[in-house]
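Taking the form predicted alone, here's one chain by itself in structure tokens.
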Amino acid sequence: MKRDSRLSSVLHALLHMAEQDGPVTSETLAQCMNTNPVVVRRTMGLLREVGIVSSAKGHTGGWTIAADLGAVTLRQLHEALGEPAVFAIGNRNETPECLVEQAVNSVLDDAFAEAEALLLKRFETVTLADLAVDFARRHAEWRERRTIS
């Protein structure tokens, strides 16, 4: 099963956008995310629907962050993206009448549900502002190392 990296990509794009003074085009974001501008527009459109970003058309248009970074959690972004599966593993269902398969699937279902609930609970505690602060710290350290070298 292919991994869904949209949350990671969106976070990457939003942190780039947070560093800009004005709108950022889909083309620029596509370069940052190493994807196609159409994918950016489709994905950002989901965030626009819930008020996280806004867009403007025209020569000076593009995407801007419309929400307070401290108010947007990873959980909200995950939900805005359609709540993709958080695990790339699942149950075998070739023979549902098999008692072994039933026992295995029951245990796995419980474990997956528990792990997903824990992950989503953690997503509720991390905001875009938290990530922006961490990025700023890392960037400052990187610049410091470059000046020393």
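We call the rigid core whatever largest set of C-alpha positions still superposes within 1.5 Å between the two forms. Just count from 1 along the sequence shown to find any residue number. Keep in mind that this is a model prediction, so the values were computed, not measured.
Not pictured, yet referred to below: the form predicted together with a further copy of the same chain.
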property	result
Contact check for Val38, Arg48 and Glu124 against a further copy of the same chain in the predicted bound form, heavy atom at 4.5 Å	no
Answer option from Ile52, Met33, Leu69, Ala80, heavy atom within 4.5 Å of a further copy of the same chain in the predicted bound form	Met33
Thr64, heavy atom within 4.5 angstroms of a further copy of the same chain in the predicted bound form	no
4.5 Å heavy atom contact, Arg92 to a further copy of the same chain in the predicted bound form	yes
a further copy of the same chain contact at Asn105 in the predicted bound form, heavy atom, 4.5 Å	yes
Distance check, Leu131 to a further copy of the same chain in the predicted bound form, heavy atom within 4.5 Å	yes
Sequence-ordered list of residues in 80-116 near a further copy of the same chain in the predicted bound form, where near means a heavy atom within 4.5 Å	Pro84, Ala85, Val86, Phe87, Ala88, Ile89, Gly90, Asn91, Arg92, Glu94, Cys98, Leu99, Val100, Glu101, Gln102, Ala103, Val104, Asn105, Ser106, Val107, Leu108, Asp110, Ala111, Phe112, Glu114, Ala115
C-alpha of Arg92 moved at least 2 Å between this form and the one not shown on rigid core	yes
